[in-house]
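Okay, here we've got a single chain as structure tokens, the form predicted alone, with questions on binding and movement later.
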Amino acid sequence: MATDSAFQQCINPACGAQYAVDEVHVTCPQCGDLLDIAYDWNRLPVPACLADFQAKWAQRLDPLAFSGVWRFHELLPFARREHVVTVGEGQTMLQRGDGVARYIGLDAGRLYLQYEGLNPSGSFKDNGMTAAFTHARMIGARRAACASTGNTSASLAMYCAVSGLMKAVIFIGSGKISYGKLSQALEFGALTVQISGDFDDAMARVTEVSKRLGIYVVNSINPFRLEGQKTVMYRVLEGLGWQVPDWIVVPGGNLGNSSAFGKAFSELQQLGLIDRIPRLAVVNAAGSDTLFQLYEQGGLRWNHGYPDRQHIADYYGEMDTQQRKASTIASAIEINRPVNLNKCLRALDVCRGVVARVTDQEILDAKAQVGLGGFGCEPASAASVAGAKLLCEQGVIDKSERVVCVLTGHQLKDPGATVAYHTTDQEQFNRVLASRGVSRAAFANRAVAVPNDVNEIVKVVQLYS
């Protein structure tokens, strides 16, 4: 039983078991459900208003104030300062995107892009990894492991290498990781174990192996990971002058971000730091649409903490019987069994959320539009923009509402998809994209072939520029 102001708590209301923060659990030992990091806010110092955090900018020689995660330490106070492991994560930006707004169907000045690709390892994962790694340091872990489609492994390997505190062990599926992400894990010295199977298989194995060997798991099933990911929303509010947007749109893979965002807004409202909660849209790729099928098609809901677990089990059983595997160009969200499903259902309830599903074609077209605005993002990131466009067309999002699309990873995480979309090589296009159902590149910016002749080059430059 936890007695401190910060503790772990089972999200199942029929259980509600509590554990101290210095214990290590992947799930609740009593019932097997997911765990939250909970706080007795009455025993903790809480700022009078969110704008108080702006004073941290004047203290940027302090590593915690410099971090875009730990400068909000008062809102994730599970660790003492001396335990924090930071590499300057969270120096990301919220950028107004009028060009992308036109593509989506929003009025000018109503779309903002939260670009998490500026994190040290190139994706949003660093927000959560600094928190999980801090907890691992608190309990004296010597090895940390994850299953990954790429970004988690890159982030874990980077924190292990920079800090020198732990050895990284990474499980990946066969052929299920981009070279841009794999190169990071290899370069940072991680032990990389490639198994026969997909992400869901790798997740099952890392759980079993880590339990047997006593290795610390940093996947988003780890509740401390999600504490760090809450701060993406704090920075969104900061970028909007502490005003709450109408919509947050985020890609849905393992559903850690959506879960964390719902928790962030719920806590802020509980503390009286915001007066309303934005709506949440989670966007699945069509080839990896478990949440969409369960929530929008099957009517699955949080139901005050009692979701229809039999409905979930039946869906997974049918998926296994039919041997359906996730398949999408957006490899970062190519996940059939999202471990944070129940927490995401809670977030959708708190945020009056919706779930959208977009094709790989729509994802890559949206990605090209994001690029025209000066931000290179990986395919999974562009699912948020494609989803916002679809929801505008359906009338779910009004053109006058203020929308924030989260871009989760940098373009160079998966350059193969970008080059294939813009290529003049039909064979490469077919090999990388046509097999995924992408039939056209409506916004391709193809190279122009020209003879090695100054006059011919001048003609081309004058014609196209």
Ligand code: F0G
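Quick caveat: nothing in here was measured; it's all calculated off a predicted structure. Sequential numbering from 1, following the sequence displayed.
One more form of this protein exists, namely the form predicted together with the ligand; it is left out here, but the text below deals with it.
Contact here is defined as any heavy atom lying within 4.5 Å of the ligand in the predicted bound form, and by that definition each of Phe124, Thr152 and Asn257 is a contact residue. Interface residue remark: Val217 is not counted as part of the site for the ligand in the predicted bound form, having no heavy atom within 4.5 Å. Contact annotation: Tyr159 falls outside 4.5 Å of the ligand in the predicted bound form, judged by heavy atom distances. Not displayed here, the ligand is kept clear of Phe133 by more than 4.5 Å at the level of heavy atoms in the predicted bound form. Proximity of Glu378 to the ligand in the predicted bound form: non-hydrogen atoms within 4.5 Å are present. Listed residues Gly252, Gly262, Pro223, Gly128 were compared with the ligand in the predicted bound form; Gly252 is the one with a heavy atom within 4.5 Å. For the candidate set Val100, Leu348, Ala168, Ile333, a heavy atom within 4.5 Å of the ligand in the predicted bound form is found for exactly one residue, namely Ile333.
Partner contact region in the predicted bound form: 380 to 388, out of 86 to 94, 380 to 388, 307 to 315, 133 to 141, criterion any non-hydrogen atom within 4.5 Å of the ligand. Looking at 188 to 224, the one residue that comes within 4.5 Å of the ligand in the predicted bound form, counting any heavy atom, is Phe199.
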